[in-house]
Structure formats: structure tokens, C-alpha cells
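Form predicted on its own, single chain, as C-alpha cells, below.
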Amino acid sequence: MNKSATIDFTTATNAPAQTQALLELIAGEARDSLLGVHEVLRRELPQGRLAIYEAGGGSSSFLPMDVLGRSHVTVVDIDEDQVRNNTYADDAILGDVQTYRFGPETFDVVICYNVIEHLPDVEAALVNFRDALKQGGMILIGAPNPNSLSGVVTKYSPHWFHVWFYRNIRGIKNAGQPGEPPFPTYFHPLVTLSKLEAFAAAHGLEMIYRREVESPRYPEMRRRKPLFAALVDAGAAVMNAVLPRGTDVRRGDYHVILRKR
């Protein structure tokens, strides 16, 4: 194993695995899709003990508790605060997922959720994930759609605006503090779903789940800031009317599962 990290934090714990990330998702397409992802994982994963690699890991997991309960979880994150805040990993490692390499055939699942949009070199990270997977293993990716309304705003607006949005629209008062989102966003070309799918096919990965969903920011705004949400929804409706048929600029997120052939 070629380690590029300088500090390892081992956090082995018997505490119940947290799935707060799912609980915090407001009812809507994103939550429905994540529940669908859970069903695919339950169906496709082998029985018995699992080895899971979370590429980027904060204080909560996006996996179902019954899967986490039979898994050894390894987290790699470049942010020391995120590593220290993690409470469910068996091994939490300070490192860069673009360069940190595990041995081949190490993991049953790699989780990369709300991470690839923050990476300058998505290709390197994806190749590392694939190489670390066992045959038939899976990569779960959750990411924003760069071509959506929220994706375009995120890509072309300054970071201070992202922090303002999180604090004032989402109501997350500690947003932007050390170890807390939002984090700087790069939007490498491979974050675009069509390019990601082509890359996967060319690198021995089969896409077995794909769903584009309305960003959870929309139902959040409708609940917290209904007037602001109505203005955003109206703007999105105008854009959808002039764009090609079937386009919905509110589809700001996607989930995919890639299986190693």
C-alpha cells in the first residue's frame, strides 16, 4: 500500500453506525433515490463481513445501518477536522483520495459522496477506487450536476457566496468554519454525468444504477424560505420552457453505482 498521508487516526469504536445523513435529507427525490441506492446495495453486496472505503468522510454515513453493522469502514479525508469528527469509521486516515492508494482487491464498496466536485484530479481518484475494489465490487457516487441551475451557480459564483447561502438560506450557522461545508468546488469535467459514464465504461466499470434528482436544496428552500424558493422555482420554470424538451434545471444532483467487471 502506497501511503501518501502523514498522519493516521485510528478510531475503532463499537458505537452504533450513524446514518444521520439520510435522516437529514428532507423528503424529496434525493432522499427517495438514496433509499433506492440502499436497496441495490442490499441486493448486490455479498453476505458476511464487508470492507468499505469512504473517500471523504465527515460525521455521518450515507450507507444503511444494516450494511454498516457488518462492515469494517476505512475513511480517507484531506481535512483533519473532518477526520477527527468522524465517529463511525474503524480506521480514519488523513490523506488525499487522489493519491492515497490501497492494495488491489481490498474493498467491497467505495463510497464517494459529495466529494468528486471538490477534486482537481477526478480521474486519478476514480482509478484508485477501481484498483482497490474486489472483482464485482461497487463504487457509489453522489454528486451535483454541473449543468443544472444550482451547478452553474455553484461553479461560477465565489466561495463567499456559497458560505452566505449555507448560513442564510440553509440556516447552517457554522458553515465555512474549519471542517464544515461548503468546501471549495472545482467541477472537473468528469463530474458531468455523461463523461463519467463514458469514463467508467472505458475503465472496466459497469453503471448499474443512475438517477438524476432534484437538488435537496429546493425542498429545503421551500420549507425555510418560501418566498425566495418561489422566485427560484419561477426562474427554473422559465429556463425549462426555453431549453430542449425534457430538460429540468432543478435536477441538481445524481446518484450512480459503478460495478467492477
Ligand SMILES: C[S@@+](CC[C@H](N)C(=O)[O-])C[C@H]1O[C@@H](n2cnc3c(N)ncnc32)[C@H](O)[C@@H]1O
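One rule holds for the numbers: they count along the sequence shown, beginning at 1. In this text, all values refer to a predicted model and were calculated from it rather than measured experimentally.
Only in words, not in the display: the form predicted together with the ligand, which the text now covers.
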query: Whether Phe62, Val97 and Leu119 all lie within 4.5 angstroms of the ligand in the predicted bound form by heavy atom; finding: yes
query: Contact test in the predicted bound form: Thr87 vs the ligand, heavy atoms, 4.5 Å; finding: no
query: 4.5 angstroms heavy atom contact with the ligand in the predicted bound form for Asn114; finding: yes
query: Contact label in the predicted bound form: Ile78 to the ligand, heavy atom within 4.5 Å; finding: yes
query: In the predicted bound form, Gln82 touching the ligand (heavy atom, 4.5 Å); finding: yes
query: Per-stretch contact check against the ligand in the predicted bound form, the hit in 187 to 195, 89 to 97, 153 to 161, 167 to 175 (non-hydrogen atom, 4.5 angstroms); finding: 89 to 97
query: Sequence-ordered list of residues in 181 to 210 near the ligand in the predicted bound form, where near means a heavy atom within 4.5 Å; finding: Phe183
